[in-house]
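The data below hold one chain only, encoded as structure tokens and taken in the form predicted alone.
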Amino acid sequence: MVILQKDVEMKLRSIVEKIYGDLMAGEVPELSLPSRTKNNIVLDEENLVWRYGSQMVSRKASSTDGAGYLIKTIYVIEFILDMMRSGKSSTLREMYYISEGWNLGKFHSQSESNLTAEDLEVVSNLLREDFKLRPEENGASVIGNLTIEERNRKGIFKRINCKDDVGDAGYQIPYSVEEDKLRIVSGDADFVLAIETGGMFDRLVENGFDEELNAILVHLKGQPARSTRRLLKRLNTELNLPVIVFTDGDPWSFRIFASVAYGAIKTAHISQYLAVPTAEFVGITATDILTYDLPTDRLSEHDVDALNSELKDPRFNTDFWKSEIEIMLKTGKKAEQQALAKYGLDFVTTEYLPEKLSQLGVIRR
């Protein structure tokens, strides 16, 4: 999705004009946007992803906090417009520190400034990348027979094969993977395997899993960056490749899968660009912990609270997830991906994953 700079400027200016128009009409300025909570996500039947529903919240200048929010929003818009016109970009962290000079627009924390940038996405129906705002770190890594073209600093697209032209760490995903920055040329693979941990990603690479099973491996790097999820979406839609998610067996890893497959709650306004509704979860499941007698850790109180919360989360409202979560609560156990090393360094690539992928119908054994 490529948005012209003039269109971004027009949408951002319209937000300021709305506030100005309220003032000139003698009305209390306000901005309305969807409530960004678990209770306000609904299934988008057309795209099969979870989006914000009809519950709205209003930021009004009738209170000190509301007026401060609108002032900070205007400062951020001015910063974005000035930055874009000068041909620059900024990290979210840099924007937070720059706000130190904004007087009444100063943020109290980076989480506050990040939320304001996300609110602008919601109100404008644009992406953070359209504002030239980027996270402190890029996404994770990709390895496999995937050929892409990436625009370099001189504006020239350079062709890269993510198997032949990279080292063992793979190709690093940039902060923006939209078509104006990254083109997907081809992918000779049967599926994409998205892996939570760096240790397991390295194990699969070292064991030659991508070549043996004709796969593209994507390191999620924990909770995946938006650029990582966006690339998974593009690989799924443009190359028609199944996306399989392989994580640790704990409530936080289940949420990693949810963000890939269903969309994350904080980015539900752009789920259609990031989520892969057909994504499959390959493990580690609570059932796996019992079946393979894996080494485990006890669930903490925080883990238990998270699992109980997931039972109320509409994204987990399926027989599979209800069963797995209830088993984990009953046993009180969680396990890491690398617990499979109990059976040797090759077990995950020669036994566990082939068996699981075969059950999903992704490969034939």
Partner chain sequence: MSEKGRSPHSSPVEISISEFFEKNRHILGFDSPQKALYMIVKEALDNSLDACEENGILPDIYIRIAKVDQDRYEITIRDNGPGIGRKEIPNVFGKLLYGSRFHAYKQSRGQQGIGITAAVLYGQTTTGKPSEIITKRAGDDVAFRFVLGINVKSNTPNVMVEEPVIWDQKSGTEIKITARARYHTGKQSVVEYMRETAAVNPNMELTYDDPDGNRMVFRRVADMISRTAEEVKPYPVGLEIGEIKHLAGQSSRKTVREFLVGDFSRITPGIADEILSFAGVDIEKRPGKLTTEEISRIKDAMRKVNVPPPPLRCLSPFGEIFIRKGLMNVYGDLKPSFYSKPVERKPSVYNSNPFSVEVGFVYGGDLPVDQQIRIVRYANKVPLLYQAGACAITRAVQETDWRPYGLEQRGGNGTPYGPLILLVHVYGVRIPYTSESKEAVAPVPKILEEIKAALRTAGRELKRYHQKSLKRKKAYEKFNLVGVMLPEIARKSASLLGRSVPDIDPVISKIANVLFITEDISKSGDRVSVTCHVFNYTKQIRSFRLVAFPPVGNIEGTDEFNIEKLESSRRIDIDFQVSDVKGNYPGTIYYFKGIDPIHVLGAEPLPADWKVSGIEVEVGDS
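Positions refer to the first chain, counted from 1. Bear in mind that the values here come from a model prediction, so they are computed numbers and not experimental data. Superpose the two forms; the largest set of C-alphas matching within 1.5 Å is the rigid core.
Separately, the form predicted together with the partner chain exists; it is not shown, and the next lines address it.
K.L.:
Counting only heavy atoms and a 4.5 Å cutoff, which of 22-30, 40-48, 320-328, 299-307 contacts the partner chain in the model of the complex?
P.N.:
Of the options, only 22-30 has residues within 4.5 Å of the partner.
K.L.:
Using 4.5 Å between non-hydrogen atoms, is Val57 touching the partner chain in the model of the complex?
P.N.:
Taking the distances in the model of the complex, the answer for Val57 is no, it never comes within 4.5 Å of the partner chain.
K.L.:
Would Val16 count as a contact of the partner chain in the model of the complex, using a 4.5 angstroms cut-off between non-hydrogen atoms?
P.N.:
Close contact exists here: in the model of the complex, Val16 approaches the partner chain to within 4.5 Å, heavy atoms only.
K.L.:
Heavy atoms within 4.5 Å of the partner chain in the model of the complex: does Ser35 have any?
P.N.:
Close contact is absent here: in the model of the complex, Ser35 is far from the partner chain, nothing within 4.5 Å, heavy atoms only.
K.L.:
Consider Gly332 of the chain shown here, and say whether it contacts the partner chain in the model of the complex, taking contact as heavy atoms within 4.5 Å.
P.N.:
So Gly332 does not count as contacting the partner chain.
K.L.:
Taking the partner chain in the model of the complex as the reference, which of Tyr273, Phe257, Phe191, Tyr75 has a non-hydrogen atom within 4.5 Å?
P.N.:
Comparing distances to the partner chain in the model of the complex, the residue within 4.5 Å is Tyr75.
K.L.:
Taking the partner chain in the model of the complex as the reference, which of Leu290, Ala169, Val185, Ile71 has a non-hydrogen atom within 4.5 Å?
P.N.:
By the 4.5 Å heavy-atom cutoff, the listed residue in contact is Ile71.
K.L.:
Mind checking whether each of Thr64, Leu81 and Leu104 has a heavy atom within 4.5 Å of the partner chain in the model of the complex?
P.N.:
All of them do, each having a heavy atom within 4.5 Å of the partner.
K.L.:
Comparing between this form and the one not shown on the rigid core, is the C-alpha shift at Ala339 2 Å or larger?
P.N.:
The answer is no; the displacement is under 2 Å.
K.L.:
Using a superposition on the rigid core, decide whether the Cα position of Leu357 changes by 2 angstroms or more between this form and the one not shown.
P.N.:
It does not reach a 2 Å shift.
K.L.:
Any chance the CA of Asp65 moves 2 angstroms or more between this form and the one not shown, core superposed?
P.N.:
Yes; Asp65 is a residue whose C-alpha shifts (by 2 Å or more) between this form and the one not shown when the cores are overlaid.
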